[in-house]
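What follows is a single chain, given as structure tokens, in the form predicted alone.
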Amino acid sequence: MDFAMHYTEEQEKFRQEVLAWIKKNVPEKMKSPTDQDDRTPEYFAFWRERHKELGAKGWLHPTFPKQYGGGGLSAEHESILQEEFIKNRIPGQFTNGLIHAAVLVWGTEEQKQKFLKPMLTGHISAWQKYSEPQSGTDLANCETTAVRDGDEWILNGSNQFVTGVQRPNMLYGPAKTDPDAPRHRNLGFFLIPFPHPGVEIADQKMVNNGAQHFIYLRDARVPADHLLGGETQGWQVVNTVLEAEHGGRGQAFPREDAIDAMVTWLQEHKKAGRALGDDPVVLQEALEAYCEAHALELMNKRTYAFHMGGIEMTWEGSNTGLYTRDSVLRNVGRIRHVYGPYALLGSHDSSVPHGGVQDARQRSDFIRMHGAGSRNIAKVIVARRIGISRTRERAAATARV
């Protein structure tokens, strides 16, 4: 069976346009490093400006409508952009883009122009502030409060494990607007500017590139038009964001550099005078990792094709998300078995293979069990959608972008 993408002549011309832009605008020293800890202030400053240029061309978020700052392009164009950007180590925007579809679905026309357009053109970055100290993965157990005061909302609360690099221009997430209403009907969803009086961000020192943070809201006042959706529709907005985060959009061009590098390692590395790939146990580990990685790639592409084709999904996207959690952890374990101590060498070690992609994966992928809710939450979502839970649910409202 042929799983390769086949592009038209016009689409291949677009690819050449993308490659020409990269060659002209991106020096080698500004390409994304293997280890994200190696990014410098100069790197971030350079890419903030290049992202604005990409946004002006519609290449930053190519499938979103042009009137809101997207490219109005096809899924095939997005596939080409992702393919060439990944191959040439072009980083994506330093933002949590899961909010974009939610603004498109729930925002007023004024909010789309005010918030969505600068997001899609690279002028605003955002962080998602969901996890609270007392709630774990029970997102509906939200204690952040929002009290209406004339044309403003006063927000108080805290969050932890908020992911992001560089400081954002905006935070987004739910807050309790009606303390007397039942669960799932008592929340609003807010877009919170930063820096802003009453809003504090503090770093959490953790192993995944120092990208986790505490958020504190202390009588932070935000204008009324920063409420996305109705005053008690926050849970519905939250789920539009989560639909993509749980795997519901898939990926146009998923790639597994660490696994591909491992195949090269088997072919080139010798142990006790023999090719490492001659060891049947090591070879079995590598084959399992390779097959699992590429099965996940096909699942992501299938979900992406369904999403962009407007095909209603039930379990497909969430199942891809659940499988991702398990498979990446299995594969980082296999990488350790195949590479041995080499898997833990950092990017600056003189003996490190493949620029240290293996070590970077060890430090980034183990958190996959907890992002977007725990693995148990992911299993509950899949169970509800295939009809074997006490309750059933459909996919949340989202946009085909």
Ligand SMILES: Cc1cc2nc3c(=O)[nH]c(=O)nc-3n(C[C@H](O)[C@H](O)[C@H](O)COP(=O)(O)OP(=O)(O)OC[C@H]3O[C@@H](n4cnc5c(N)ncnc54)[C@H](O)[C@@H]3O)c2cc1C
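Residue indices: 1-based, along the sequence shown. Everything quoted here is computed from the prediction, not taken from an experiment.
What comes next is about the form predicted in complex with the named molecule, which is not displayed.
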inquiry  = Exactly one residue in N186, Q128, S125, N319 has a non-hydrogen atom within 4.5 Å of the named molecule in the predicted complex; which is it?
reply    = Q128
The named molecule: the contacting residue among Q113, Q166, Q212, Q82 in the predicted complex [heavy atom, 4.5 Å] = Q212
ask   = Heavy atoms within 4.5 Å of the named molecule in the predicted complex: which of the stretches 326-334, 113-121, 268-276, 134-142 has them?
value = 134-142
ask   = Would G373 count as a contact of the named molecule in the predicted complex, using a 4.5 angstroms cut-off between non-hydrogen atoms?
value = yes
inquiry  = Even though the partner isn't displayed, in the predicted complex is Q160 close enough to the named molecule, meaning a heavy atom within 4.5 Å?
reply    = yes
key: Residue contact check: A383 to the named molecule in the predicted complex, 4.5 Å heavy atom   = no
query = Does L19 reach the named molecule in the predicted complex, with heavy atoms at most 4.5 Å apart?
reply = no
query = Among M206, I367 and I377, does every residue place a heavy atom within 4.5 Å of the named molecule in the predicted complex?
reply = yes
